[in-house]
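As a starting point, one isolated chain is supplied in structure tokens, in the form predicted alone.
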Amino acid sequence: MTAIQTRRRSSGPASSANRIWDAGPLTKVTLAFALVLSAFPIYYMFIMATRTNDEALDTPPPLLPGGHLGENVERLLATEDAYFATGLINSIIISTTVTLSVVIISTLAGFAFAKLRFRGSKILLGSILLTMMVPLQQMGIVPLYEMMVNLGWTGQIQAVILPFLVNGFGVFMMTQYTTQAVPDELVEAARVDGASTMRIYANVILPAVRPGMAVLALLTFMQNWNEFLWPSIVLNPDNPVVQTSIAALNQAHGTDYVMLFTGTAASVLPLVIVFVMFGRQIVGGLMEGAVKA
């Protein structure tokens, strides 16, 4: 039995990882080419943000950084057509607030649906799944806008925050992740030891589902950072988010390519920072889910 178990262990995820790392030269070259192809547009965007308009139109185009980044950023922040600084700050506030709310609520709901037994849990979870099948934002724009008018929130960022504080996908994702990551025996053992429900959540559930929380946080932050339709409807031009600022910048300075590149680079930079800061947790969460699947 020991030899069989040893062979089974050797044929598990570790051996799969070894097979991945032992990829041939062609696979490595293909992956490297795909990486360069994916990263080049972002690199070129940042290069253009350091150049002038005349340099941006050169043939062949420049591929090395210039010395005009500070000047371009000053012009971008000084323009009164797009209110870019205001849009950048608003997007940071909105995306961060919504991300924290979605992660906390989804983790609590995922724990409840996955590990707690209560009447009507399957019906509630099914109702949440139904909300994922219907484009609620597009179908509910008119009543949602009327609600914001009645609350007196039009033109204010809370009108963009409130509708997105809860996410059906987040609840479903954390329910599935909690079901796989936390054994029922572990919850039962904590209950036998006298732990309360909230103590089980804090000391047992949260440490186990952190990778899934990181993935959900990234997806939620990106979704709200890139949101355009609802903010363009409910916010005023002088109090925008970063995506509506870029749209206004394109309308007012459509031929100023360097300013457009600078604005786009500034809008992408926070997402790059999030990837750099939480990349390990995000990859760990994706890989752990893949191994469990």
Partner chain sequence: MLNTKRQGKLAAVAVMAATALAITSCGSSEPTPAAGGDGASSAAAAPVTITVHTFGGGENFGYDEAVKKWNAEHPNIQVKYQNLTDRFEDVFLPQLLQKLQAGSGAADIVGIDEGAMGLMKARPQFFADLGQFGLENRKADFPAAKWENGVNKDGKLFALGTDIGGMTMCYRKDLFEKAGLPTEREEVGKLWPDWAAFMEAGKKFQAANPGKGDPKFLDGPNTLYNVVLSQEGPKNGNIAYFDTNNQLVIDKNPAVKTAFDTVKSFSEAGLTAKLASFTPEWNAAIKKGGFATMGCPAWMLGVVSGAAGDENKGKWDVASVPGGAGNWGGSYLAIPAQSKHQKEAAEVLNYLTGKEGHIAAFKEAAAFPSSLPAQQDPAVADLKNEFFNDAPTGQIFGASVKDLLPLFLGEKHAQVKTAAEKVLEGMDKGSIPYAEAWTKFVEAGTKAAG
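Numbering follows the first chain given and starts at 1. Quick caveat: nothing in here was measured; it's all calculated off a predicted structure.
In what follows, reference is made to the form predicted together with the partner chain, a form of this protein that is not presented.
Peer 1: Is there a heavy atom of I233 no more than 4.5 Å from a heavy atom of the partner chain in the predicted bound form?
Peer 2: Output for I233 is yes: heavy atoms within 4.5 Å of the partner chain.
Peer 1: How about E74 - does it come within 4.5 Å of the partner chain in the predicted bound form, if we only consider non-hydrogen atoms?
Peer 2: Contact with the partner chain, no.
Peer 1: Hey, in the predicted bound form, does A252 get a heavy atom within 4.5 angstroms of the partner chain?
Peer 2: Result yes; A252 sits at the interface with the partner chain in the predicted bound form.
Peer 1: Can you tell me if V149 lies within 4.5 angstroms of the partner chain in the predicted bound form, counting non-hydrogen atoms only?
Peer 2: It does: once the partner chain is placed as it appears in the predicted bound form, V149 has a heavy atom within 4.5 Å of it.
Peer 1: In the predicted bound form, which residues of 150-180 put a heavy atom within 4.5 Å of the partner chain?
Peer 2: Contacting residues: N150, L151, G152, W153, T154, Q156, I157, Q158.
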